[in-house]
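Take a look at this single chain in structure tokens; it is the form predicted on its own.
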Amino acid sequence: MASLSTTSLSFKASSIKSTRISQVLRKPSSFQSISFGRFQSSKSLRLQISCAAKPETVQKVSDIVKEQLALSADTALTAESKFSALGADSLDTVEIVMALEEKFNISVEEADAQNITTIQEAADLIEDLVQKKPAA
């Protein structure tokens, strides 16, 4: 399994010697941008790399968050919606995690639960736990 410590790479025109993306990705370090000397545009481009959960998982998490926080059905949530920005306190977050455990028949470790701050993080963790769960 591969992992990347950042969620985006920036490609900018630069006078720095060309670098192959494969050379950079082999390094286990964090980085903010990669420059390519041959890139012929003055505009910054953004490439997002993620191992995002399935849209249906994100939707189920969104529905649970709306229910737990008593948000109206027309409240727009995105994968990047932060629980705290939606008005959740630490007790609300615990209740969200408990509802997710029940809905997906999983068990979330306390350390993992404390690191969930967005709908996307919750959905990604759920899919990881479901995938690791032994077949019944």
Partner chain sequence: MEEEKKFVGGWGKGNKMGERRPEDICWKERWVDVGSAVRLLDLSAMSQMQRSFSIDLPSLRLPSRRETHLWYILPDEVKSTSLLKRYSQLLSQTEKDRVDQMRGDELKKNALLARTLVRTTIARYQTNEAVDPRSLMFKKNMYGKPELDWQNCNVQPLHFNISHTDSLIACGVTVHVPVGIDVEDKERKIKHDVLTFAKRFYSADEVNCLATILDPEAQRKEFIKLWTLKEAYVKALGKGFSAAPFNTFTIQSNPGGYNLCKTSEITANPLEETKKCNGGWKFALLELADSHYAAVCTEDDQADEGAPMRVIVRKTIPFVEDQLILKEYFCN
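Residue numbers count along the first chain shown, from 1. Note that the structure is a prediction, hence the values are computed from the model and not measured.
There is another form of this protein, the form predicted together with its partner chain, and it is not shown here; the text below is about that form.
Peer 1: Taking the shortest heavy atom distance, is Lys54 within 4.5 Å of its partner chain in the predicted bound form?
Peer 2: The answer is no: Lys54 has no heavy atom within 4.5 Å of its partner chain.
Peer 1: Verify the contact flag for Ser62: yes if a non-hydrogen atom of it lies within 4.5 Å of a non-hydrogen atom of its partner chain in the predicted bound form, no if not.
Peer 2: Residue-level check for Ser62: no, no contact with its partner chain.
Peer 1: Might Leu91 be said to contact its partner chain in the predicted bound form, defining contact as any heavy atom within 4.5 Å?
Peer 2: Yes - in the predicted bound form, heavy atoms of Leu91 and its partner chain come within 4.5 Å of each other.
Peer 1: Evaluate Ala111 for contact with its partner chain in the predicted bound form, applying a 4.5 angstroms cut-off between non-hydrogen atoms, and reply yes or no.
Peer 2: Looking in the predicted bound form, residue contacts with its partner chain include Ala111, since a heavy atom lies within 4.5 Å.
Peer 1: Which residues within 63-79 place at least one heavy atom within 4.5 Å of its partner chain in the predicted bound form?
Peer 2: Heavy-atom contacts to its partner chain in the predicted bound form: Glu67, Gln68, Thr75, Ala76, Leu77.
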